[in-house]
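As structure tokens, one chain now follows by itself in the form predicted alone.
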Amino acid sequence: MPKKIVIIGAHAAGCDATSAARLTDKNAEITMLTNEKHVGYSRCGLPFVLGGHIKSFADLIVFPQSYFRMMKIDLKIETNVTNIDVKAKTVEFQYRDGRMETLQYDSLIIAAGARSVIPPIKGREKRGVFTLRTIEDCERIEQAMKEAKSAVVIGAGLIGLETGVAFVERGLKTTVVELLPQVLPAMLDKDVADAVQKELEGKGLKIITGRSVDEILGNEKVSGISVGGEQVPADIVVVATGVRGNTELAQKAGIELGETRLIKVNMRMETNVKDVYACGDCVETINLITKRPTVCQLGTTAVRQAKVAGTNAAGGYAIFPGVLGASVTKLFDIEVGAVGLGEASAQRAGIETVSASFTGKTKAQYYPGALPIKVKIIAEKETEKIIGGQMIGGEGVAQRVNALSFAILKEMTVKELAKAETCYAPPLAETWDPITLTAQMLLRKLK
């Protein structure tokens, strides 16, 4: 009898879990269920379609329908899963026309993702208020942009800033409002965040921090927002205040949630219920530095967890150790990246830190087109091990974040990094990489 594998969700986590399961078991009967119409596309690319960098939403489809046919996957779109019965090992779902169906499974993978959360702001039901999570969301925003002259984005996380930048690039007068005292609060320390904010404001994006939106103004349709007593006009308001993992089905089925209120899994991505696995935005994971549960809703985390969940669900063996939370983005022509713990998150975890920042160049000083790059490295005070890094630059940020990620993973000390060998050629790199120079500065501080 071929093994029956059911996967709930058909985005990054669902699709990668499917391909891992298929690679592990050529004969398994694999069924995928999703309530969306479009599947297998990159959500991370959405703001860049809005900004005009990517031609169309169709370009974001990573797993076309033909892929599912080729891999012999039974994909059921626009189906709503209503119940999981872990004792009977069944999944009950409903088609758009109201028909109900029940599927038997041997292994179940929950890759239900997350949804946008709109805080209870007065006026949030008005026409012209959007969230940005799906292709449909973006198509509605794209439509609204045709008539709009101004926009407000609520929330200055990665999606909020990427969306704000997209609006400016498309000629809209745009303001981003953030409740916390800095932009990218989950990613950067305030000193680096302030440098990012200054760059963005220099490119024409207006940013208000440390304020909450009191009300969304207008009759049926949005005309603006009121923030800290002042009114900001807006034809479009995008709420980018974060997402919440879809854990309701799991909870109803008696699957345990962790302390972050996301689904709790072991290293094999298995829940507390045998043969039920979970991966992606609905799952909590372990931070490799603090060894504590954390929320890490990144595409990279989703696909790495999915590979492990899919392999194990199909009878193979794989483990997922945890995350450092490496992330990067491009805002106008500024690259911003981070990995590991910032000073604030280290402090919350009870870790004492020492840090140093240095601004260098991406090529030899004298080479035309050399761009500035600011690097900050954070180390644990006693062991002098590197636990975090943040940077902002004109180019080359992603690969330096990766280099620091490897260094943290291998528990490198500041001294080891300060003595590391890097390559040099005038059109590509300085004789001393900014990372090494930052480490040398930090070493002097520690002494």
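Start at 1 and count along the sequence shown; that's the residue number. Keep in mind the model is a prediction, meaning the values are calculated, not measured.
Below: the form predicted in complex with another copy of the chain, not depicted.
Interface residue among 121, 103, 328, 243, judged by heavy atoms within 4.5 Å of another copy of the chain in the predicted bound form: 328. Residue 304 is the only one of 374, 133, 304, 173 with a heavy atom lying within 4.5 Å of another copy of the chain in the predicted bound form. In the predicted bound form, residue 42 approaches another copy of the chain with a heavy atom inside 4.5 Å. Taking the partner from elsewhere, residue 368 is found to have a heavy atom lying within 4.5 Å of another copy of the chain in the predicted bound form. Using a 4.5 Å cutoff between non-hydrogen atoms, residue 335 counts as a contact of another copy of the chain in the predicted bound form. When another copy of the chain is considered in the predicted bound form, residue 407 lines it closely, a heavy atom lying within 4.5 Å. Only one listed stretch (92 to 100, 228 to 236, 146 to 154, 317 to 325) carries heavy atoms within 4.5 Å of another copy of the chain in the predicted bound form, and that stretch is 317 to 325. At a distance of at most 4.5 angstroms from another copy of the chain in the predicted bound form, none of the three residues 253, 262 and 313 contributes a non-hydrogen atom.
Residues of 406 to 425 that come within 4.5 Å of another copy of the chain in the predicted bound form, judged by any heavy atom, are 406, 407, 409, 410, 411, 412, 416, 417, 419, 420, 421, 422, 423, 424, 425 in sequence order.
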